Ligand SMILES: C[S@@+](CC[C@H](N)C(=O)[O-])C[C@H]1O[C@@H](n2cnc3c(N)ncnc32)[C@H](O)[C@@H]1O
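Quick setup: one chain, the form predicted on its own, written in structure tokens, and binding and motion questions come after.
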Amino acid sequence: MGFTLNSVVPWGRSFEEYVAMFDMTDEDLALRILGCGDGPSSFNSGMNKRGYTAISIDPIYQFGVEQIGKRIEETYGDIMEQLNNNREDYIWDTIKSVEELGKVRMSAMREFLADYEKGKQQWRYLADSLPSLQFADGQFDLALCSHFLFLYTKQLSFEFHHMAIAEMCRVAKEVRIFPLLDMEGLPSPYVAKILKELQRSGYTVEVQKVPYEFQRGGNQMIKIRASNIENTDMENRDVLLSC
């Protein structure tokens, strides 16, 4: 069965949240950036407005703006109800309430929708998905993945995670993944295994605390870089890709 929009619960985060989640500097923002699984976030729009360039990929980009907008409306109430029922799982510091969170998320998704058609024409939003991407080796300086890998530990196998991260490492010089928790707010058991595989394959891997915590305990990202960007041991990289 192919990908369907009815299987998606769109929930877009803002440009400012992306910057905090991935601890991004002005220098980072100026890089060639790929966002994996960006969905209806306003990160790409925010980048474009500030004169930066990013490409976002997500399978939902095969659908039109009206279809995505309708799906956002269909699922918004259910998401808000779940948040109300599980509010103790979150830290209400920067965002003070469930109602304020709803406004923040809806604002980000409306910005995305307003930018979407123009962004598609400019090839900033591409219908593509992990674990197999259409890009050339090393095409990007930085690949980001927010609230997809590790979050869906029970839904996506270790093999999927392994292949997806290997693919991100293939197309980008540096990879950052946030958060490291699963849907239940627990540390994903895949993290330690992935770290070992990456280190074995010659990558430098760092688990880094970031200036963002909304889901309790969700304040860490993985940062992955080839130990020597210019002279990566291709034999080691092949080990990772073939596992």
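Note that residue numbering follows the sequence shown and begins at 1. Being a predicted model, the structure only gives us computed values, none of them experimental.
Beyond the structure shown, there is the form predicted together with the named molecule, which is absent from this document and is the topic of what follows.
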| property | result |
| --- | --- |
| Non-hydrogen atom within 4.5 angstroms of the named molecule in the model of the complex for each of W92, L101 and G218 | no |
| Listed residue (P59, G69, P187, G202) with a non-hydrogen atom within 4.5 angstroms of the named molecule in the model of the complex | P59 |
| Sole residue of T153, S129, Q139, T75 within 4.5 Å of the named molecule in the model of the complex, by heavy atom | S129 |
| Distance check, G39 to the named molecule in the model of the complex, heavy atom within 4.5 Å | yes |
| Close approach of Y18 to the named molecule in the model of the complex, 4.5 Å, heavy atom | yes |
| Contact flag, F148 vs the named molecule in the model of the complex, heavy atom cut 4.5 Å | yes |
| Contact of F160 with the named molecule in the model of the complex (heavy atom, 4.5 Å) | yes |
| Segment assignment from 202 to 210, 25 to 33, 50 to 58, 189 to 197: heavy atom within 4.5 Å of the named molecule in the model of the complex | 50 to 58 |
